[in-house]
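One chain comes next, on its own, written out as structure tokens in the form predicted alone.
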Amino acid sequence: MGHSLLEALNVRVVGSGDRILVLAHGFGTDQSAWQRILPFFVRDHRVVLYDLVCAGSVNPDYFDFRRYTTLDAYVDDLLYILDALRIERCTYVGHSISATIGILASIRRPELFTKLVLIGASPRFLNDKNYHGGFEQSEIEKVFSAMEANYAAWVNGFAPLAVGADVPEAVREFSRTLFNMRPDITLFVSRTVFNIDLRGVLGLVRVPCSIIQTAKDVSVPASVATYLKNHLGGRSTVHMLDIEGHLPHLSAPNLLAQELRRALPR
């Protein structure tokens, strides 16, 4: 995509201030997921928003199935955006898949990041010996089969589970962005996400990290937050939110915004 990447990924910079805050959305959403968070930060931050190439808000022709087989290409996109905007230092907030993208980006270019804030992050979703990621391979294959068989039915079942809390508006919003995605892209990205294993590189992270995790998340067990804290190479803290769900920016934006405020560098 080259020079057109900023336009293709709908990059926006809003707000004012000397400090740069990057908000990177997770799987199944787009930058609109941050709309209830933005008002808390635009008065004293320049906030960078963009869409992952797999988001339904991006022209699906931009999704190169050969290029986006690993998270490295997503990291390339993030770093290109930061360099194109001439950003030298930022605080990076990443949700879900974007948390892992941020981890990898900080290993490659640590000087760019003052702090990482990782929401609903997981270095590996599959269970392993002495590691509880939350899913068995057989469970994941059933999810993939359900997505292939009837995408609409899968979205209608998955969205309430992911939101967790009884917040119909959040379920509708997450369903909307999932339906905006092309089903073959959703399936392809899902396979990529569930095959990641960042456990071996966590120690290379030197940037301070704040890990924000809800008490009950269908996608990420609470124990994963502790695992991250114990294995990340830099200073890290865990902030547990006493709520349910994988998408606190949709289901409890005020609470999450307060936690983000506390997590930001002073």
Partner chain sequence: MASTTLNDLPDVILSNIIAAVSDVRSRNSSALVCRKWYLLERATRSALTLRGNLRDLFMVPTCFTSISHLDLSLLSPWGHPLTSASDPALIGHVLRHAFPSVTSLTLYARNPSTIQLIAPQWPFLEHVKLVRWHQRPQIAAAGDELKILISEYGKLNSLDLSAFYCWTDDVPPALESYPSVASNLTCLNLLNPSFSEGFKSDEIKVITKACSNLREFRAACMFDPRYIGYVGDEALVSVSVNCPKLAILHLADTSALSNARGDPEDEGFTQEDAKINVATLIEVFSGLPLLEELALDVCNNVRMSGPALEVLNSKCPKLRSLKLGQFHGITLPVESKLDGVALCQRLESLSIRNVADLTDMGLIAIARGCCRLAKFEVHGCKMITVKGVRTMASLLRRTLVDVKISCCKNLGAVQSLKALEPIQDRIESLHIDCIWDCTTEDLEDLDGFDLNSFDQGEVSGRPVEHTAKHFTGSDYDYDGMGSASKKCRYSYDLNSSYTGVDVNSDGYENGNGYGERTWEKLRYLSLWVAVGQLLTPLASSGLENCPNLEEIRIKIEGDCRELPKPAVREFGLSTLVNYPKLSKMHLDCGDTIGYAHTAPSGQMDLSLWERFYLIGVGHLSLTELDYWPPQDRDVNQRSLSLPAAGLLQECFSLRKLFIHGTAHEHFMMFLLRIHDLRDVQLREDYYPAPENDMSTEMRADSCSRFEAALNRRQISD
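Residue numbers count along the first chain shown, from 1. For the two forms, the rigid core is made up of the largest set of C-alpha atoms that agree within 1.5 Å on superposition. Here the structure is a predicted model, which is why all the values come from computation and not from measurement.
One more form of this protein, predicted in complex with the partner chain, exists but is not displayed; see below.
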Give a yes or no on whether each residue among Gly56, Asn180 and Pro183 has a heavy atom within 4.5 Å of the partner chain in the predicted complex. yes
Any chance His231 has a heavy atom within 4.5 Å of the partner chain in the predicted complex? no
Considering non-hydrogen atoms and a 4.5 Å limit, does the partner chain approach Arg176 in the predicted complex? yes
Taking heavy atoms and a 4.5 Å cut-off, does Leu118 contact the partner chain in the predicted complex? no
Might Glu169 be said to contact the partner chain in the predicted complex, defining contact as any heavy atom within 4.5 Å? yes
Heavy atom within 4.5 Å of the partner chain in the predicted complex: which of Ile87, Val143, Leu161, Ala73? Leu161
Heavy atom within 4.5 Å of the partner chain in the predicted complex: which of Ala165, Leu104, Ile81, Leu112 fits that? Just give me the one. Ala165
Tell me which stretch of 221 to 229, 201 to 209, 56 to 64, 234 to 242 has a heavy atom within 4.5 angstroms of the partner chain in the predicted complex. 56 to 64
Rigid core superposition, Ile87 Cα moves 2 angstroms or more between the shown form and the other one: no
Is there a C-alpha shift of 2 Å or more at Gly164 between the shown form and the other one once the rigid core is superposed? yes
Superposing on the rigid core, is the CA of Val155 displaced by 2 Å or more between the shown form and the other one? yes
Knowing the Cα distance between Val224 and Val171 changes 3 Å or more in the predicted complex, does it shrink or grow relative to here? closer
Distance flag for Val155 and Ala55 (Cα, change 3 Å or more) in the predicted complex: the two residues are farther
